[in-house]
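Listed next as structure tokens is one chain, alone, in the form predicted on its own.
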């Protein structure tokens, strides 16, 4: 008894706190500098885009209004991002351009993740003919030529309202982007369903639906989150690509891809009026980069084998290197004095 008391003598109540897996993931994510940089960059861009959109909605900002007197003006205090060839304020148009990307990214990601997790879980759990049928469907959808479908659907719905075209794009991206996640979830479910905790749920008579939803899917959420961030970034890139080809939402609604497309139509604009393409391109680049940094940070935070140093550990390592340099310097001076 005395030995136990002696061993626990140096411990306080704070040392007895046990962190949940979620808390451990949050702590590891916060200690990842690049991931936090991506998170704050993503937050700032989303906040600015949303505020600009609602400002335009409440003030009735007309994106189609032109002013020939302000044609192709460079960046200034009045027009931070300059103006285009129609005299329109590029600053508001660039910030508003992210609103379509956000809608497409969020809605298509939710759709792809929902379908991918559902189909992958069913295929992995039941196996057999169900697995074969679902995997053949995955292979067929994965082989669809995305551009051919986009061109065809764009031609069919060219005269439809912009909001309807937006939902069409979301539907295309959501229906095509789920196949990779379905394969990942299927593989994980197939390995998890043979473990003891699932055998215990079967022995207790728990319904198949509850086994999948409450016991299997929570164990693959980590990979789903990481895959979701990559799907989100890919959806935004695809929307920008479609806008660049004039297959997405059309004028006067601005999008980053459409702004880049307008600038690329004239080589003179690319050389002389650089602000027309630099600012939307930079916004698109920073947004995609922030999402990828968040995804990498989540992957490292979720991976139990990944090692991320805390702020205190980095500070201690810095002090240790400083002390080693000082000791080496003193040893060098001492050796010179001895000679």
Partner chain sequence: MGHKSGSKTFFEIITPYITYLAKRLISLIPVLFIITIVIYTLINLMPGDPIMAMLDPEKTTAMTIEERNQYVETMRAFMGYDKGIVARYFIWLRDTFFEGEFGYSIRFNKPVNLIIGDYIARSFKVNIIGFILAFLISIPIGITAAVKKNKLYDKFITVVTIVGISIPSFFLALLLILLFVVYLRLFPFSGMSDPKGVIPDWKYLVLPVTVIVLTSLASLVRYVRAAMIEVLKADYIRTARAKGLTEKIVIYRHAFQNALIPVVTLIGMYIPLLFGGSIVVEKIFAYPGMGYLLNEAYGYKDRAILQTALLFFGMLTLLGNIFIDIGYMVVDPRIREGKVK
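Predicted model only: the values in this text are computed from it and were never measured. Residue numbers count along the first chain shown, from 1.
Below, we turn to the form predicted together with its partner chain, even though it does not appear here.
The shortest heavy atom separation between residue 56 and its partner chain in the predicted bound form exceeds 4.5 Å.
Using a 4.5 Å cutoff between non-hydrogen atoms, residue 205 does not count as a contact of its partner chain in the predicted bound form. In the predicted bound form, no heavy atom of residue 112 sits within 4.5 Å of its partner chain. In the predicted bound form, residue 210 stays away from its partner chain, with no heavy atom inside 4.5 Å. Screening 278, 49, 302, 41 for any heavy atom within 4.5 Å of its partner chain in the predicted bound form leaves a single hit, 278. Of the residues given (260, 122, 107, 184), 260 alone sits with a heavy atom within 4.5 Å of its partner chain in the predicted bound form. For the candidate spot formed by 61, 102 and 167, no residue has a non-hydrogen atom within 4.5 angstroms of its partner chain in the predicted bound form. Remark: of stretches 91 to 99, 194 to 202, 237 to 245, 221 to 229, the one touching its partner chain in the predicted bound form is 237 to 245 (heavy atom within 4.5 Å). Along 120 to 147, residues 136, 139, 140, 142, 143, 144, 145, 147 each place a heavy atom within 4.5 Å of its partner chain in the predicted bound form.
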